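First, one chain by itself in structure tokens, the form predicted alone.
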Amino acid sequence: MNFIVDFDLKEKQVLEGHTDRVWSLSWKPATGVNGIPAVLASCSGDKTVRIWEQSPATGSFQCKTVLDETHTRTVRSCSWSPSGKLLATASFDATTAIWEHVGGDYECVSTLEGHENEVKGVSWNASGSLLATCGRDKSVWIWEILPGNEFDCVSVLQGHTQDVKMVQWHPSMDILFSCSYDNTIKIWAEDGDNDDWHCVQTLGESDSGHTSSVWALSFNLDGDKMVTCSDDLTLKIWGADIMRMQSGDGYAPWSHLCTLSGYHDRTIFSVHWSREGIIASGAADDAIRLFVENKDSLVDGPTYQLRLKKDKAHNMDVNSVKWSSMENRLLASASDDGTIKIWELVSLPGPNKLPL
């Protein structure tokens, strides 16, 4: 895929309405394409979730719905199911709520209880048949979705020694990744013989891993590379032989490929890899950075170049950066300043054209 490397993030809109820090964002799948307006969910320390929809006429986003009176504390994470029918929201009140779009309204159709305290992250697998949650109680829970919006806990995974910050399913396989305050990323898979989930790999400091809390992770489009970000001020790229795993030839371990350091000077809270191969990072230095792989230097393995620095992207910490799942090149960012910003990746005219 050819890509013009001279580009900019153009601020399109500031979304205001939350009355506390905005923690997390999720683009609704299959929106923003084929005439379907783009839809974005956001969640906040104000105990609410907001649903924003883009106007086809003006291109601007408006808040369509506020989901409140369900969570009693901060809503830390939100995630749409792959079909876009359900929205899961994880809260410091120790519950995960499941919302369904019924008619013009969103109804809370299920409340998942079990974590001892704050739930920090929530993620659906690629088929929408499994949901994972994680929390301050150091555990990761896997839920199976049954007919009638029933959720059955099929496994409670104990292995992290500290707060689990985020869970994320692999984009094409039922393998779960979790990252933690204990400085590690753990990878969980189901044992084919007894349907039991277990940890198949831990990526720690001895594996060229992070030396402080790991806050987030994201996969590239093919699912053979992963990027992680940390309180140690670095981003790390990991790779695995996905083809081997998909062919049923056993588990292929992940290994460290490279480390990006020196680009943020405070904790990196969020990272997201776009379909086009652009990595966005957001941090406590109020900045957003964009990176792309440098295809010219594959001799010693992949390297990544900083392509854009967006200082003062927000007035306070950037907690979340999320590329739209569609080809509309929109990036959403959320901040402690209570706002969400919508950015558009725009190509600048220039002679430099490199394959990405």
Partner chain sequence: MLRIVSECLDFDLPSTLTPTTTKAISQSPPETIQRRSKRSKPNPVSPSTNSQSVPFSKVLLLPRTNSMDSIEDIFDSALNLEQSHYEEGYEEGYANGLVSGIEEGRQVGLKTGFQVGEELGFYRGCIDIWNSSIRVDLNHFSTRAKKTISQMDELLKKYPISDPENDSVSDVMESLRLKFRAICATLNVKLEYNGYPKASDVENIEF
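Numbering follows the first chain given and starts at 1. All figures in this text were calculated on a predicted structure; none of them were measured in a lab.
Beyond the structure shown, there is the form predicted together with its partner chain, which is absent from this document and is the topic of what follows.
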* Residue contact check: K138 to its partner chain in the model of the complex, 4.5 Å heavy atom -> yes
* Asked: Hey, in the model of the complex, does S213 get a heavy atom within 4.5 angstroms of its partner chain?
  -> no
* Asked: So in the model of the complex, does any heavy atom of S206 sit within 4.5 Å of its partner chain?
  -> no
* May I ask you to check whether W343 falls inside a 4.5 Å heavy atom distance of its partner chain in the model of the complex? => no
* Picking from 117-125, 251-259, 78-86, 231-239, which part of the chain touches its partner chain in the model of the complex when contact means heavy atoms within 4.5 Å? -> 117-125
* Answer option from L221, M243, V109, V154, heavy atom within 4.5 Å of its partner chain in the model of the complex -> V154
* Considering its partner chain in the model of the complex, which of H71, H272, H264, K165 comes within 4.5 Å of it through any heavy atom? -> K165
* Asked: If you check in the model of the complex, do F92, E113 and D195 all have a non-hydrogen atom within 4.5 Å of its partner chain?
  -> yes
